[in-house]
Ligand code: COA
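Coming up is one lone chain in structure tokens, specifically the form predicted on its own.
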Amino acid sequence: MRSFLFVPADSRKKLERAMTSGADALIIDLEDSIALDGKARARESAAAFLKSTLAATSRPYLAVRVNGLQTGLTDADLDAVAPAKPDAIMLPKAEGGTSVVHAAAKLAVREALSGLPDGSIKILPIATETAAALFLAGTFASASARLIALTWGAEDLSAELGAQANRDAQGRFLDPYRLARALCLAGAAAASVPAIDTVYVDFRDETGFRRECEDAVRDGFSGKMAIHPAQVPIINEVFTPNGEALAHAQAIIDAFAKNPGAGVVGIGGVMYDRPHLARAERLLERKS
């Protein structure tokens, strides 16, 4: 999956419009976009939307961002949405693999009560939203078979750090948030799951947004989150491998296939080793 579009759970109009955005996944939000006194209504809206949409033959992946385990609101969120069978929950302010284990146990109970197969609802943690989480980014490996990816966030982290800003005047992340980004990328690789890049909040800045998408692809992220439907086409374009990249990856794979015992192959005067083969294979996997 390339594009993950946030949609407030309490707006049926926005939810329905998001279905035609082209996003690979929708994140139905019960957390930051919903005021405390609107949580109950948003839960009902999310559940109703899931029930009316999940049976569609062509639909995006549907995840629900619940409130974090620290808030005391997670149980009520899961009571409302788990019976409606979302594909996944997004777990904000996750602090390492222990948080995933905790959330997985809660999901297992709701699945059993709702007659759902064990493990059917997956988990996508936001791995860097607290200072403590930074020190635990490498602990997601083997936490749960429900883990499908890792993503990261800078807004809550900057508030916790007491920072005045998390980006410079050119819109690039400052050092503490570049560290968080790198830890998410490494944590995802250690857990053998995709890394999803964070949001770009200035949705009118198409140039800056495209640059950040291109940087994310270069560094190894497989997708990016969006806060506005206008960002989705750019994400899908940038994170879809182009024909030249696919042809080059296939050439590397073919060269090793012809020389199965080789540690290094030459193509056009350039030497490629086994790590290049692994990267080429991952690129072709993204095509499908």
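This structure is a prediction, so every number in the text was calculated from the model and none was measured. Residue numbers run from 1 along the displayed sequence.
This next part talks about the form predicted in complex with the ligand, which is not shown.
Considering the ligand in the model of the complex, the lone stretch of 201 to 209, 183 to 191, 113 to 121, 94 to 102 in range is 201 to 209 [heavy atom distance within 4.5 Å]. Interface membership of A18, defined by any non-hydrogen atom within 4.5 Å of the ligand in the model of the complex, is confirmed.
For the chain shown alone, K14 is a contact residue for the ligand in the model of the complex, at least one non-hydrogen atom being within 4.5 angstroms. Using a 4.5 angstroms limit between non-hydrogen atoms, K51 is distant from the ligand in the model of the complex. Contact check for A262: no non-hydrogen atom falls within 4.5 Å of the ligand in the model of the complex. Among the residues N67, S222, S33, N236, the one placing a heavy atom within 4.5 Å of the ligand in the model of the complex is S33. Taking H228, H248, R59, R41 one by one, only a single residue has any non-hydrogen atom within 4.5 Å of the ligand in the model of the complex, and it is H228. Residues of 1 to 16 that come within 4.5 Å of the ligand in the model of the complex, judged by any heavy atom, are L5, F6, V7, P8, K13, K14 in sequence order.
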